[in-house]
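A lone chain, given as structure tokens: the form predicted on its own.
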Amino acid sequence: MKITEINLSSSKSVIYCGVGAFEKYAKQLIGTNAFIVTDSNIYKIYAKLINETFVSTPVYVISAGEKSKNKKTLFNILQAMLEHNLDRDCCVVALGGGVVGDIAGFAASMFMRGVKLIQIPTTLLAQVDSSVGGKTAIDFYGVKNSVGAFYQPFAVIADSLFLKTLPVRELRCGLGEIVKYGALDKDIYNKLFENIKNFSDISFLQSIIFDCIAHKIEVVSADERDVNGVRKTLNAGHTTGHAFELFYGRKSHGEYVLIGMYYELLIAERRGICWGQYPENLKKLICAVVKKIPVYADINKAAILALHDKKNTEGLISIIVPVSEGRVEEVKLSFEEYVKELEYAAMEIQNSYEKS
């Protein structure tokens, strides 16, 4: 087990990572004045564990899935907290994946102008990425994460015991973010490439969770509120990935991140930003998770959704593209340029399938 901290000017978060972290720290950190938010999938599997660990603690169960990340669910959580007579000394516990972490975290930031928050991520994606760093949000008017707050958790308990019950789809989802970290961090990239045949091995996934957390801590410490460009790097693959996810919507978030990264990698190659063996190796890592990159129709309609991406400035679409091992770069494109680049990328993918 590893314990580390994010020390920021406004707050401090402690991250407990490893097998046994839940059993050792959950009860003592949370105390008695708590409110647990989880989802229907997690509660179905872990109701006994939750109720035995947090005796007499109210548990609010939301429907599993991205559709619950909306204003109605958010205000239902806040209403339930008032009905349980919670006060500003309470602790909100987000026990679940990214959706639960985002909406419960946002509720904690709003209730009584902010109460203690503890993240207990139960998915691979939430453990390596979304539970750390303090971003909370809901989706609003069809735009992903468009309303939210930066709100650091008091603690994060990332215990890989929860990975054992995850379906394969959820493991792929988490691997999407892990491979993203491989594009950002040379050591993670090398570790992934050396273990490309072990991506479905739980012991390997356990070994790399902390590496991803450590990289995110470094980035968040340098740019907590996403103002100086450092934190933008964490969105590699996300501009196009989010647009495809919102428009086509059949795969997991992590898979769409990798599909987006693949398209954006082709844009980087076409523009001479990334070349040589590195992009070929990165494509191999991506395809070890997403076996076949889709060639999408109506790509211009999907691209419209990228216009709402939070990274955009001056009316230009921002994408974070791989350059070399451990290095990425921001590219800004007009909407017309972006559509044209995506269409070229789709054509290149189609041509590669016809040649094979």
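Heads up: residue numbers just count along the shown sequence, starting at 1. No experiment lies behind these values; they were computed from the predicted model shown.
Quick note: we don't show the form predicted together with another copy of the chain, though the next part is all about it.
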For the chain shown here without its partner, which stretch in 210-218, 265-273, 103-111, 281-289 has non-hydrogen atoms within 4.5 angstroms of another copy of the chain in the predicted bound form?
-> 103-111
Of the residues V227, I202, A222, I196, which one places a heavy atom within 4.5 Å of another copy of the chain in the predicted bound form?
-> V227
Another copy of the chain contact at N85 in the predicted bound form, heavy atom, 4.5 Å | yes
Applying a 4.5 Å heavy atom distance criterion, does F247 contact another copy of the chain in the predicted bound form?
-> no
Quick one: is S131 in contact with another copy of the chain in the predicted bound form, heavy atoms, 4.5 Å cut-off?
-> no
Within a 4.5 Å heavy atom cut-off, is N190 in contact with another copy of the chain in the predicted bound form?
-> no
Look at the candidate spot formed by L78, T136 and T313 and say whether another copy of the chain comes within 4.5 Å of a heavy atom in all three of them in the predicted bound form.
-> yes
For the stretch 135-166, which residues lie within 4.5 Å of another copy of the chain in the predicted bound form by non-hydrogen atom distance?
-> K135, T136, A137, I138, F140, Y141, V143, N145, S146, V147, G148, A149, F150, Y151
